[in-house]
Ligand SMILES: NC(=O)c1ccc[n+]([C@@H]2O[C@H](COP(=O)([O-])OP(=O)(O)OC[C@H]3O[C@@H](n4cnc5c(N)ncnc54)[C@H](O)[C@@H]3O)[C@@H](O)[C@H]2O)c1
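One chain comes next, on its own, written as structure tokens: the form predicted alone.
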Amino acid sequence: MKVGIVGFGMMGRQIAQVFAQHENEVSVTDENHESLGLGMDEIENGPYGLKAAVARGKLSTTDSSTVLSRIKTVVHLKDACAHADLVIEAVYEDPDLKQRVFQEIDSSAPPTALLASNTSTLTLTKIAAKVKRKERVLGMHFFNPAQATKLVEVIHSRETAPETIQRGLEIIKLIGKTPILAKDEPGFIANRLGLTLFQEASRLLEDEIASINDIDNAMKLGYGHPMGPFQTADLVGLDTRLRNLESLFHATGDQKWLPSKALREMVNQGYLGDPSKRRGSKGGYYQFFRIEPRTEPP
């Protein structure tokens, strides 16, 4: 299968690697041409990249080179889409940007291609408002890090054709992921649940009811979550969390999605999450509040 990816930031890079590791030919593009070289470097050398996979015994050195050769960078969007069976839009969660990019994809991709958005909160209806082939449009929401997480949300609007939904589900299974199906509502399934937990955790912290450590441990030790809500936010990226919450608030008008003051301050000061996963970040919640994480309550 030939896959085009438009947007080569954090998620675009991860998605490209996943498809390439499952023997697909991938063409990627980004308006910021500098991102193309940075993205290829991250796929090769990043914390979830190919060299890390070789070190963990998941890939051989030969396989790693083969995977990298399947990913081609191109400057122009039309060149990434021209021969694709599937095009995935992976730009920032900005409705105007996504709408413009999707309109360009619609005019550049073959008429038989599936047109997918990696949107995490915005509705397909808004993103594809100016697309002619709405029956070919669906959402494929991958989770960070896409190389490691098994879940992909497949989203369908009222205009999405049944055969498009079926093909989308099949593609996700072919790349070793587990799809779940969601209707076209802001936040879909996982983000509605995950962000609800994060917002309640933020209120507990803001009201000084509990510490970051104890809130995280409540979910890890009490509910069996592998990470607490603040550790999860640090992994996902606090700038990403902020954008998702702002997007949900603007889409719904519901005050419960308003980001906390602390989250805004952290992002503004360069605390974007786990520094081992986010290059250039000063840290996440534990660094900003200057506390040491512990794995068990006192």
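Only a predicted model underlies this, so the values are computations on that prediction, with no experimental measurement involved. Don't overthink the numbering: it's just position in the shown sequence, from 1.
The same protein also exists as the form predicted in complex with the ligand; that form is not shown, yet it is the one meant from here on.
Student: At 4.5 Å between heavy atoms, only one of the stretches 266-274, 240-248, 66-74, 53-61 reaches the ligand in the predicted bound form; which one is it?
Tutor: That would be 240-248.
Student: With a 4.5 Å heavy atom cut-off, would you call G9 a contact of the ligand in the predicted bound form?
Tutor: Judged by the heavy-atom cut-off of 4.5 Å, G9 is in contact with the ligand in the predicted bound form.
Student: Since only the chain is shown here, I'm wondering whether A90 would be in contact with the ligand in the predicted bound form (any heavy atom pair within 4.5 Å).
Tutor: Yes, contact at 4.5 Å.
Student: With a 4.5 Å heavy atom cut-off, would you call A190 a contact of the ligand in the predicted bound form?
Tutor: Because no heavy atom of A190 falls inside 4.5 Å of the ligand in the predicted bound form, the answer is no.
Student: Quick one: is A210 in contact with the ligand in the predicted bound form, heavy atoms, 4.5 Å cut-off?
Tutor: Because no heavy atom of A210 falls inside 4.5 Å of the ligand in the predicted bound form, the answer is no.
Student: Among N118, S202, T123, T160, which has any heavy atom within 4.5 Å of the ligand in the predicted bound form?
Tutor: The option sitting close enough to the partner is N118.
Student: Though the ligand is not shown, can you say which of A182, V101, L169, V131 has a heavy atom within 4.5 Å of it in the predicted bound form?
Tutor: Exactly one listed residue reaches within 4.5 Å, namely V101.
Student: With the distance limit set at 4.5 angstroms and only heavy atoms considered, check whether D30, L97 and F142 all reach the ligand in the predicted bound form.
Tutor: Spot residues vs the ligand: full contact, yes.
Student: Just give me the residues of 264-280, first to last, that have a heavy atom within 4.5 Å of the ligand in the predicted bound form.
Tutor: Contacting residue: only R278.
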